[in-house]
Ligand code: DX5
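Here you get one chain, nothing else, as structure tokens; it is the form predicted alone.
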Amino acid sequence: MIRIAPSILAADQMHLGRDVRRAMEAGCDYVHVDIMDGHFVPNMSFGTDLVHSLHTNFPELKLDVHLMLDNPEKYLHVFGQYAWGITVHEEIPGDVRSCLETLRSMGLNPGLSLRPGTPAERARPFFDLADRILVMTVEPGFGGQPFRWDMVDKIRELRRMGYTGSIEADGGLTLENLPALLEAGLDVAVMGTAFYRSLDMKGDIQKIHAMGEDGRS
């Protein structure tokens, strides 16, 4: 089945706690938290205080923290106190392997993210360390962008290359494009706008969980 990680970037920022609780009560598997520095991507979002607050108020919640930072290595231990898993980008100027090794040594689930323009091949050196690969299906920075259908082939390519860990996708995901992503090899759907605008979150999650139950899970 496909697991779902609602992205709180698309939640009502004035009522964030309420929207996180709504996602949990609807049956989400994780909550996705985008951390942006205004340099690696052209936007700024949350910080450590918010992640700490989520962990304190929802201790049972798995926080899937996505660091869109030029220098994530400086923040692994800070966010790692509260996160279930942390994802860093392959395109950072620093040492990607060292970041993933640090996350694994901390007992976290290390993830590697690829921007739309980054070939799948560049993830290959990190297959042994990345528990999951996050394929960005929009250019990271802002929510509400249209889904990039060419990224379905990138997911398929990662599977052809032999990657056996989890594959996530983030950006413009809907109930309509999830079947193609599942067929390509998707495991986790990071959904923002489509999820938080849904009139039936619980029903949507049940439909998403049901996808692939007769095949790959």
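Start at 1 with the first residue shown and count on from there. What you see is a predicted model, and the numbers here were worked out from it, not measured in a lab.
Just so you know, the form predicted in complex with the named molecule exists too; it's not on screen, but the next bit is about it.
S.K.: Could you tell me which one of G80, P125, P116, G141 places a heavy atom within 4.5 Å of the named molecule in the predicted complex?
M.R.: So the residue touching the named molecule in the predicted complex, by this definition, is G141.
S.K.: Which pick from M201, V20, L9, I208 sits with a heavy atom within 4.5 Å of the named molecule in the predicted complex?
M.R.: Selected residue: L9.
S.K.: I need the one stretch from 49-57, 149-157, 33-41, 177-185 whose residues put non-hydrogen atoms within 4.5 angstroms of the named molecule in the predicted complex.
M.R.: Looking at the partner contacts, the answer comes out as 33-41.
S.K.: Test of understanding: in the predicted complex, would M191 fall inside 4.5 Å of the named molecule by heavy atoms?
M.R.: Flag for M191 set to yes.
S.K.: Is the gap between M68 and the named molecule in the predicted complex 4.5 Å or less for some heavy atom pair?
M.R.: Within the cut-off, so yes.
S.K.: Check L103 for me: does it contact the named molecule in the predicted complex (non-hydrogen atoms, 4.5 angstroms)?
M.R.: Contact check for L103: no, nothing within 4.5 Å of the named molecule in the predicted complex.
S.K.: So in the predicted complex, does any heavy atom of M136 sit within 4.5 Å of the named molecule?
M.R.: Because a heavy atom of M136 falls inside 4.5 Å of the named molecule in the predicted complex, the answer is yes.
S.K.: From first to last in sequence, which residues of 150-179 have any non-hydrogen atom within 4.5 angstroms of the named molecule in the predicted complex?
M.R.: Residues within 4.5 Å: D170, G171, G172, L173.
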